[in-house]
Ligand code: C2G
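We begin with a single chain expressed as structure tokens, specifically the form predicted alone.
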Amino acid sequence: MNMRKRIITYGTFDILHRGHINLLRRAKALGDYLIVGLSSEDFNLVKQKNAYYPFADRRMIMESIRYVDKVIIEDNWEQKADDVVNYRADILVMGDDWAGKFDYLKNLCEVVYLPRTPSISSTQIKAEMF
């Protein structure tokens, strides 16, 4: 029997860049099916992030990336545990700047923190552009 692995990750994914693609590619390489929890407008306010693109645009962009199999909305910090259970995720993947922050989910799934791509971030791009 072939056991498929489901991966789940989260983020704003604003102003798409090579760092995002690297993270998504490496996350997908850990399994067979990648779910992306995309931060809602309201949740970005809670996180004190100001996305350049509205949610609908970011969702369309994310759905067009070949590594992504499903996009869900992320509305709050607490939903991760429910999402892991409801979507039967085997692995939660986050950038290593979040290292240790989601270890409480290790009783539900494997938690992997991937290194960020150096010298690139949406915040940096926005600062240079605007």
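No experiment lies behind these values; they were computed from the predicted model shown. So that there is no doubt, residue numbering starts at 1 and follows the sequence shown.
The form predicted together with this ligand exists for this protein as well; it is not shown, and the discussion that follows is about that form.
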query: Segment that reaches this ligand in the model of the complex - one of 42-50, 81-89, 27-35, 63-71, heavy atoms within 4.5 Å; finding: 42-50
query: Contact flag, Asp97 vs this ligand in the model of the complex, heavy atom cut 4.5 Å; finding: yes
query: 4.5 angstroms heavy atom contact with this ligand in the model of the complex for Leu23; finding: yes
